[in-house]
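Okay, so here's just one chain, in structure tokens, the form predicted alone.
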């Protein structure tokens, strides 16, 4: 076979062939001794996501190999690289890697990760040949058969803007928004292209500063924002390999949030917009959480968004872009707030949600805490009764000298929260006939919620898809603000420099 006749190319989303997922699945069937790693449905869903890129190899119009990448700058992950078994050991994988490197140099990616079975020596040798290095292992990562995974990384050298290819110069002409998020305790600035591609997303966390207090101290949060905002903004531009002259608009979180924290971001956004003559776009923080999913794949309307965070628990119905109708919300504590309060009771560090989720995976629902408002004929939520029941159970045990299993406590608490959230979401989705359910907010990172909602959608909603953002986009970040801002940019919804913080801003 003449390697010069092999065509290796990146499939553009707007020109991808029909049934791409099915085609890749068929090629994969005969290439894995353990069987394809994904089902046909999973291949189809993955290839439709915004952050996924497919690089394919053709010989005489026949697909002979491909690579699937997840690209969320400054990192990327190699999901699969497959070569038709009839064309193995002919350098096809090396050609795919060369095209991968060329692509990643242009999209501001610093590192490419992958996982591989520890026993797959041929693949490991291939990756080492292509400059991947081992950085760790993941126990029991694979199933059928169960096996540990070796985690490997390759550093990508960025290419400077001068001398870019035609494809990359075209990439550089699209609408780019510099987005700022400072609604609570994360200082974040991102550059987003066309509302769907992350060129950079820099987040400076303050968790360690607030842990000693067991929660957010607004004054401390504001001071950290002041210290970080200009540095983070410049870092975001640097990571995107752009200057401010390449930016088309500035977006910023207007609310809801802590008023002092919001004001820092808004002041910075107004200063940048004024100094460079750029449009200024105000964004609702909750809308940002919803549109984090737009950075993965296009939203499908009508949709139902389940927004679950430290300050909000809402069901939002959307018939189209920018159209928000709240059909249910919490009447007291938000789900994330309840997690943090429960965390303090059982002695886990702030924020408690992550720790309780990890503990819940090891425990069982033995305490059967109440499911608040489960029988109510509406879509509102209440977690204060659950919180009180939990605290009373712990305090009663302490008074009697009983020792309760903390992992079972965590599992029981989480089971109650997840049951209510999932049940009401599924019921609302059926009533309103939505085409997609979107999970959003910091609690969207919760494994128990992600797994339960995925299972419920698959079993109970035949024609409804589920969108769940990657973990990096669940918490507060500026990338989601840039994605939501693009909707406003298209309708020219700009404001003047009288923009002010609105800590109680509602989604409407």
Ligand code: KG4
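All figures in this text were calculated on a predicted structure; none of them were measured in a lab. Positions refer to the first chain, counted from 1.
Omitted from view is the form predicted in complex with the named molecule, to which the following refers.
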Heavy atom of each of 193, 279 and 482 within 4.5 Å of the named molecule in the predicted complex: no
The named molecule in the predicted complex: contacting segment from 434-442, 264-272, 365-373, 220-228, heavy atom within 4.5 Å: 434-442
Among the candidates 467, 64, 67, 474, the residue which, in the predicted complex, approaches the named molecule to within 4.5 Å (heavy atoms): 474
Listed residue (73, 288, 351, 328) with a non-hydrogen atom within 4.5 angstroms of the named molecule in the predicted complex: 351
Touches the named molecule in the predicted complex: residue 254 (any heavy atom, 4.5 Å): no
Contact flag, residue 314 vs the named molecule in the predicted complex, heavy atom cut 4.5 Å: no
Residue contact check: residue 337 to the named molecule in the predicted complex, 4.5 Å heavy atom: yes
Contact test in the predicted complex: residue 321 vs the named molecule, heavy atoms, 4.5 Å: no
Residues from 292-327 in contact with the named molecule (non-hydrogen atom within 4.5 Å) in the predicted complex: 309, 310, 311
